[in-house]
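A single chain, nothing else alongside it, follows as structure tokens in the form predicted alone.
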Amino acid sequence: MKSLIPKKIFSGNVNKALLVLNVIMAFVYIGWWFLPGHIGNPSLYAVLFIGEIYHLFMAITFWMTIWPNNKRIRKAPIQPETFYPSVDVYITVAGEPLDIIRQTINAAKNIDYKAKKIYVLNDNLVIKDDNWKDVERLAKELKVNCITRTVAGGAKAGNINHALTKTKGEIVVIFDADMKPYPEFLKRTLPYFVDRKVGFVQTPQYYTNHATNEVSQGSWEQQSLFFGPIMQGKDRWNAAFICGTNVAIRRTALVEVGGMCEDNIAEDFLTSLSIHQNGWKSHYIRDVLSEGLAPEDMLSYYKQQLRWARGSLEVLFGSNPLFKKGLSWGQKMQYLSSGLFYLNGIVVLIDITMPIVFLFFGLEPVSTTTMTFAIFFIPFMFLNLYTLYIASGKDVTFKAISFSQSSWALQLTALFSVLMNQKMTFVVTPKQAQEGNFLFLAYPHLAYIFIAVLATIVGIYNYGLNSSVSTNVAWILFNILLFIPFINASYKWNKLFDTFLPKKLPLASQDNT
């Protein structure tokens, strides 16, 4: 039977000519927006134009990320026999099931490297989890070290920093409690540290449960795009960042920046920024060297995405990379685009609202014929999607795009919490599916569908089914189609059907007389 575990997270080779064509078409399209004759309602036009500028900037930074650059692409170095650094393997624990922790400890013990010490970083006591002693007993049973914190603070980052004061390894390797490393993990990552300028080496996150349900599939398909062309592209710019787990970090580099950042819930992202700012190099290996678990329910997925969005936006507003000394312009652009990604919620809200505004009030942001707009817009959008398709190794899916675009509501929640300076605590993503009805997470999407249907009725009644109405209704249908996978994953619809459908009748007993 063929293994489901990929040896690498794949990405495609994008031709430079295709990227140049993208750039040309993008500026042709955005140039069309600058023509004053296309302005409809000035206020709506200005709002929509800002959204288009955002699209253009994100597209350009994506093309910049995946631009072929052979300077950073090379085979993994061979570790000399004289280079044999001591390694501390940290397994961070904060409420995960014991059986999952056991599997990860055993996998860590099987890593093929003698000069390693394994530490279970037990945060169960400070999070008031009753099984904190069970974690200590498990570590003792499996003959590994256990460091139990007694004073809370800094969440996962604080747990790691506390362990740094108790250990001495030259290289620190971090695994989440569900991320089981492969035996060759250190043999593949340590050779890069022969270069004394290398601060950390990041490897992908692979989800073994990716085919379990709609949520795990959508989560994995987003991750495969990130750990494929995006992280591989960032590596070319020496801008790949720490992703919280499956990473090896030089202790010197980590201590130099004061340890993991404790004042941001995306501690890995900001710590990477500081390490790069201090002149350290990073490497990203696309080989899968560990395997873990994706969120299996929409609430867990929502909390995970909300944490990432909040942390990245905090960096954008509080530690903007554009104003950081010590970073190259390429690094600044890469970190900036990663933070700006989570402003996409505003732009999606703008895009999905415009057709409704027209159908209700007859206000048009753009004054032009549908055909004229299509001549400029469709080639630009087609080239974008085709380039994304090629860059992903022809593996990008509609579900991944749907989950990404449907996250606009949680991204707006994260933005509001940052602007209002609301506190948000670090929450570990559950490693088992949570039971319950999570349809409330899709309420904004369902509300949009209701309002959009009403707007369609009003628009057809007021203006008839002319070309402008047809175009805006088409946009509404596209938006609804885009939200359906997200809505579908938010609720176990089979339970709803079971409520209304008749139960299966028992088979009649046989008469043996």
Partner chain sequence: MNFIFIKNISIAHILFVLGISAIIALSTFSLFFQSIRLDESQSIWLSVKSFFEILNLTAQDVHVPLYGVILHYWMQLFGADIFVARSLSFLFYVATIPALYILARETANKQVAYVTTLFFALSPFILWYSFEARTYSLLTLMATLSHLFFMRMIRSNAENGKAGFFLSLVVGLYTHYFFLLVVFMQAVYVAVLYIQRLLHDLKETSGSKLQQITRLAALQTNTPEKKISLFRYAKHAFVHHKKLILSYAIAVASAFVLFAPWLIYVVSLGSASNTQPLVPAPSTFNLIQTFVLFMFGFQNQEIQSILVSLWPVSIILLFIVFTKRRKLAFKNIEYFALATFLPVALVFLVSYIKPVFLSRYLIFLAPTMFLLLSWTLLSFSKKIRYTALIGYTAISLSLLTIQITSAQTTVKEDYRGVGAYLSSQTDPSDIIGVSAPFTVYPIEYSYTGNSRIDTIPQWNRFKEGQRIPAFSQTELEKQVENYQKQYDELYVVLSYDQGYEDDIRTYLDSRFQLTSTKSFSNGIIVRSYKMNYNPKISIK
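All of these numbers come straight from a predicted model, not from anything done at the bench. Positions refer to the first chain, counted from 1.
Below, we turn to the form predicted together with the partner chain, even though it does not appear here.
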### Message
When the partner chain is placed as it is in the predicted bound form, are Leu322, Ala409 and Lys423 each within 4.5 Å of it, taking any non-hydrogen atom of the residue?
### Response
no
### Query
Given that the partner chain is left out here, which of Ala474, Val47, Val458, Ile60 has a heavy atom within 4.5 Å of it in the predicted bound form?
Ala474
#### Entry: Among the candidates Lys394, Lys197, Lys114, Lys168, the residue which, in the predicted bound form, approaches the partner chain to within 4.5 Å (heavy atoms)
Lys394
### Query
Taking 4.5 angstroms as the cut-off for heavy atoms, does Ala447 touch the partner chain in the predicted bound form?
no
### Query
Do Trp329 and the partner chain share at least one heavy atom pair within 4.5 Å in the predicted bound form?
no
### Query
Taking heavy atoms only, is Ile401 within 4.5 angstroms of the partner chain in the predicted bound form?
yes
### Query
Heavy atom to heavy atom, is Ser43 within 4.5 Å of the partner chain in the predicted bound form?
no
### Task
Would you mind picking out the stretch of 85-93, 376-384, 329-337, 146-154 that comes within 4.5 angstroms of the partner chain in the predicted bound form, counting non-hydrogen atoms?
376-384
